[in-house]
Each structure stands twice: as structure tokens, then as C-alpha cells.
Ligand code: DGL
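Presented below, as C-alpha cells, is a lone chain in the form predicted alone.
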């Protein structure tokens, strides 16, 4: 089935998920929508997030997508149930990887860096309650991080300053795992490691989501039967230069287009 896999995020962060998916599914076509004009979703209300998720979903369906990856933690935790009830297309959601962090913690303390929209969602509350009953959980709203990433400020002093404010207190609780609860945050890992060192395990959802995407495609007989490398079209509704720059390490052919959306 040559129909593309669709992805949407509140900007460029979901490309961290997209990269993992195309790595294990090289023959699949993809369409990625960066709704950067509305970033960050984490500061919006539940109703606003659902409305934006519906708009993004309708766009991807209009492009013929056979499955949609909601490549945004905030959109997943606030709208995935609504999307699955109102559309027949399969959806893959992104949740902070709290379970493995809690299961493998030896110090009994983990840190979670996420957006306000994720941390205050019912799905996040449910997952946290289920897996961290005997674990000290240090939750931190990463306010301002997404905006800096969207503005091409990776590696900047502004990001270093915010990350230091957010992460240093976690070290006092002796965390041994740090969960990244936003798909933008994997791009911050080099800066994060400078602050927390190499002895704390950093967990993001990219590989797990890619494996789940493959599983769902196989379950519904939606896998591409093409023997050639997939085609990849990415859209942004703001300037495309930051999106293009974040893809500088991508080896496959892709195109980036400005979208009035």
C-alpha cells in the first residue's frame, strides 16, 4: 500500500519521531505537518489542542494518509481519545516513557521534563499513578524550551540557562532516569548531558513509537509493498529554514514546503 504515513506536531519536534520511523520503515512514504505557527501546544487549553489536532488530522487525511502518528506528547495526551472515536484511520500516540524509567530506576527517583499541557492531562496523571506508586517523581514544566527550539536556538545560552534551572533541582533528589515528555526535547540531549552528566539515563519515546507504528501497519495490512526508498514530504506553516536545518542529518531524499495552514 503506497499511501503515506502521516505525522503532525506543534512544530519541528516531531521530526525526532519521524526520523526513527523512516529508519525502520525505509520503503514507506510519509507526510509530515509542522504546525509551528501554533507552537507550543503545551500552553493551550484542552479544547484548543483538540481543535488543532482535528485540523491537522483532516489535512493529513486529505493527503491520503493511511495511518497518523500524533508526533506530539501534548496532542496525544489531550486529544488521542477524541481522534480515535471520531475517525476510522489508525492513530499512533506519543506518551512520556514513564513505565520503563520507573521499572528500571535503582535510586527510586526519576525526573520528567514535559510541557504543561502534558503534565496536567488526565492520561499523564493516569500513567504516572499506575507506574510510580513507589517512585519519587520530579515533574518539571519545560516552559520556553519549545519556543527557543522553534526559533532555531539549539545550542544557545538561553536554552542552557533554562535547562540548568529546570534540571539542577532534580539532581538533588538523586534521579537516575530522566524522561523527555516532549518530542522537541530529544534535540536538547547534548545540552542536557552537559548539565546532568552521563550517569543518568535519558529516555525518549522515538524507537518505541517506530516499533509500534510498524506493528500497527502489519496488523491492518497497511505495509508498503514497494521495494524502493520512500518519498518524504514535509510541510511547515511558518518559515521552513528551521525545519530544513533540523533535518541536516537525514540521508534520505525529502522536500520541505511552506504551507498556508
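Computed from a predicted structure; not experimentally measured. Residue numbers count along the first chain shown, from 1.
If you look for the form predicted together with this ligand, you will not find it shown, but the lines that follow are about it.
> Which listed residue (188, 146, 179, 175) meets the criterion of a heavy atom within 4.5 Å of this ligand in the predicted complex?
None of the others qualify; the residue that does is 146.
> Should residue 121 be counted as a contact of this ligand in the predicted complex, where contact means heavy atoms within 4.5 Å?
Contact check for residue 121: no, nothing within 4.5 Å of this ligand in the predicted complex.
> Even though the partner isn't displayed, in the predicted complex is residue 79 close enough to this ligand, meaning a heavy atom within 4.5 Å?
Residue-level check for residue 79: no, no contact with this ligand.
> Sort through 104-112, 70-78, 131-139, 166-174 and report the only stretch with a non-hydrogen atom within 4.5 Å of this ligand in the predicted complex.
One stretch meets the cut-off, namely 70-78.
> Going through 41-58 from first to last, which residues have a non-hydrogen atom within 4.5 Å of this ligand in the predicted complex?
Read in sequence order, the residues that approach this ligand (within 4.5 Å, in the predicted complex) are 41, 42.
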